[in-house]
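A single chain, nothing else alongside it, follows as structure tokens in the form predicted on its own.
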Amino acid sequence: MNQPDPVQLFLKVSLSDDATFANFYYHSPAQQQAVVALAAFARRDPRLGTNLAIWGASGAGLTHLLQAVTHAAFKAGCHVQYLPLRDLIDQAPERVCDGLEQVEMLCLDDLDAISGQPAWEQALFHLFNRRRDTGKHLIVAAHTPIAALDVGLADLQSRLLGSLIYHIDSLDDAGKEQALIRRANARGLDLPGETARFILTRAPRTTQDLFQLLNRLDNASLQHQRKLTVPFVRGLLGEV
């Protein structure tokens, strides 16, 4: 039986093609350990159990990693679903969760968006139980430490704390510079360190915003047949 494409599952949530493990820049042994564990979880390595949680500050790359799990699980032949809860908050939680116990790998992003909302907490708690009974895999992400989530339902908090938990550190400026350069190189772009540092001083600092800007610079570089020098980038940034 053919599986649905992961970019058009369930609620037709789109995934970024760039969200892969190869494109995620880790800057410490702890980060590398987390990425290796997530890649193994995507393959449903039994040593990691069936529930995993990651947390980190906004811009740490949690969405990138959850979508990387989604892509990798799909390529491994797994029926997988990625859901950004922040975008679904206005929908009925029972409707969103209905049938999700059948999905082999479920990736729930922005868990803190629904914490403190009784209807959502009840729906997720029952979903946890249904998935546990069928041995399905679940990974969640939050921008608050899992133990500090504002969860009113104690049973749901207990389920979350029973997961394997990894903290994803935010990149410092040096790390963002290297991440920009590596992402550019992966696109076939030569991004000198001087230009990367200039971008960091003039652009929004989250990695998501930086990578979106890099996409625009890539398009402009192709259009004008120019290298990404500081003067060229300065002119482009002055136009936006």
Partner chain sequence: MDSPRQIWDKCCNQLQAELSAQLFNTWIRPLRLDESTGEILRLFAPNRFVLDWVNDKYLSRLRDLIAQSGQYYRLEVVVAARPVAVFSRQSFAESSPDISPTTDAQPIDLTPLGLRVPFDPSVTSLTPIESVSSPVPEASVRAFSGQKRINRDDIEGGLQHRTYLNPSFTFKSFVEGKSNQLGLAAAIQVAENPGGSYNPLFIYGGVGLGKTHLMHAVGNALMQRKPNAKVVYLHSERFVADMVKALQLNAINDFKRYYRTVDALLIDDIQFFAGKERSQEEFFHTFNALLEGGQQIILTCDRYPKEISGLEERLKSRFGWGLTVAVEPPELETRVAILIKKAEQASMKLPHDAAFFIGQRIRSNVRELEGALKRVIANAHFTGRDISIDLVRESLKDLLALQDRLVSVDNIQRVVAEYYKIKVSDLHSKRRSRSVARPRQVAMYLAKDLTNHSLPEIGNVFGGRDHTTVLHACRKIKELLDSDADIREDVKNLLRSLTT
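Given the structure is predicted, the values throughout are model-derived calculations rather than measurements. Residue numbers count along the first chain shown, from 1.
Beyond the structure shown, there is the form predicted together with its partner chain, which is absent from this document and is the topic of what follows.
Assess the spot marked by 56, 117 and 138: is its partner chain within 4.5 Å of a heavy atom from every one of these residues in the predicted complex?
Per the other structure, none of 56, 117 and 138 touch its partner chain.
At 4.5 Å between heavy atoms, is residue 163 in contact with its partner chain in the predicted complex?
Yes, residue 163 sits close enough to its partner chain in the predicted complex that at least one of its heavy atoms falls within 4.5 Å.
Hey, in the predicted complex, does residue 79 get a heavy atom within 4.5 angstroms of its partner chain?
Yes.
Does its partner chain get within 4.5 angstroms of any non-hydrogen atom of residue 143 in the predicted complex?
No, residue 143 sits far enough from its partner chain in the predicted complex that none of its heavy atoms falls within 4.5 Å.
According to a 4.5 angstroms non-hydrogen atom cut-off, is residue 33 in contact with its partner chain in the predicted complex?
Within the cut-off, so yes.
Given a 4.5 Å distance limit between heavy atoms, list every residue of 25-49 close to its partner chain in the predicted complex, or none if there are none.
Going through 25-49 in order - heavy atoms within 4.5 Å of its partner chain in the predicted complex - the hits are 33, 36, 37, 40, 47, 48.
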